[in-house]
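So this first bit is one chain, no partners, the form predicted alone, shown in structure tokens.
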């Protein structure tokens, strides 16, 4: 599974520019899905029809990552930019970025107020140009962070585990699922980082009876971390609440019972900030019961996010177990 993860996390795919990721995923799911389609917004929807008598279930993981968009090129060829999604300037200075065509650049900062955290308007991308005319970047060009996948054994590091690791989990679960009574739509959504937009339209179109979003969550297991009862290596987390949603109690208890019955370690997640595609799924049309399966991740929204490989494998195990059996809420 690690090679699948590598291909996904190293791909280019900021919000609104998910095409490369969608092509990779589409190639992976063709043999396992009954049908595969792309909707008007760009969500990839791979459906497994099932044998009948079950529920219509929507699983969602978002393909997009945070990024930067060029907003101005000065006379010396330095590129000013704006964030796409939740980008923190704390992680930017000295970082590398990659544009859609493969062009790379380095993020620099104005040389004043040294020691202070720079504002976004004090940063720029240096692509090695000497003038505005020689700069290959135009206003509107979009960049992602440029970091290779790193395998530390049980711990993995990459620029885009949020949320490509969940995309990998959905792909692997689909390939391992086999026969199920449920009609399951595996939805790989777009534009989550800028407002859950893909999940909102996909959930309306799929019109499922029940939903599970799969995403990363923060941890409380690093030095002086914010108090949180989630850590790497202790199993996937089952969401209780976050800033945007309260998980459906029936779905949450069903997920807990299944994990217990299968001997899968799990944690309970109460997230202080942030939300997931689950919020959009929960409130679309007349609303549906929704739960969230969260993969613990350190350093979320930085160029070096970290997950535990056993947590990833156990997330696959739990999803497959949930989809194999009747839903009991």
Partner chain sequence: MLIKELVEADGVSGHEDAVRELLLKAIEGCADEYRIDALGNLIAVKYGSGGSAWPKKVMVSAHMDEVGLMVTHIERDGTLRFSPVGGIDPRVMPAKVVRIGDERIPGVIAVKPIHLLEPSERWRVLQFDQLAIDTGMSCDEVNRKVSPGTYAAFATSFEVLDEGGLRTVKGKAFDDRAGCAALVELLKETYPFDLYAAFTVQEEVGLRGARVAAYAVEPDVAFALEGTICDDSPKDKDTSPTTRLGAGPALTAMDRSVICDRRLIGLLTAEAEAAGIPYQFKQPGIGGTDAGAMHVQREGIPSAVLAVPCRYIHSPVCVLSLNDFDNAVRLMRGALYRLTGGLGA
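Because the structure is predicted, anything quoted here is derived from the model rather than measured. Positions refer to the first chain, counted from 1.
In what follows, reference is made to the form predicted in complex with its partner chain, a form of this protein that is not presented.
Novice: In the predicted bound form, which of the stretches 147 to 155, 201 to 209, 163 to 171, 221 to 229 has residues with heavy atoms within 4.5 Å of its partner chain?
Specialist: Among the listed stretches, the partner-contacting one is 201 to 209.
Novice: So its partner chain isn't shown here. In the predicted bound form, which residue out of 181, 103, 139, 240 has a non-hydrogen atom within 4.5 Å of it?
Specialist: It is 139 that has a heavy atom within 4.5 Å of the partner.
Novice: Looking at 252, 98, 197, 159, which is the one with a non-hydrogen atom within 4.5 Å of its partner chain in the predicted bound form?
Specialist: By the 4.5 Å heavy-atom cutoff, the listed residue in contact is 197.
Novice: Classify residue 56 as contacting or not contacting its partner chain in the predicted bound form by the rule of any non-hydrogen atom within 4.5 angstroms, answering yes or no.
Specialist: Residue 56: no contact with its partner chain in the predicted bound form.
Novice: Considering only heavy atoms, tell me if residue 262 and its partner chain come within 4.5 Å of each other in the predicted bound form.
Specialist: Although its partner chain is absent here, residue 262 would stay clear of it in the predicted bound form, with no heavy atoms inside 4.5 Å.
Novice: Under a 4.5 Å heavy atom criterion, is residue 84 part of the interface with its partner chain in the predicted bound form?
Specialist: Output for residue 84 is yes: heavy atoms within 4.5 Å of its partner chain.
Novice: Answer yes if any heavy atom of residue 132 is within 4.5 Å of a heavy atom of its partner chain in the predicted bound form; otherwise answer no.
Specialist: Taking the distances in the predicted bound form, the answer for residue 132 is yes, it comes within 4.5 Å of its partner chain.
Novice: Is every one of 16, 69 and 121 in contact with its partner chain in the predicted bound form, taking contact as a heavy atom within 4.5 Å?
Specialist: Looking in the predicted bound form, the three residues 16, 69 and 121 all sit within 4.5 Å of its partner chain (heavy atoms).
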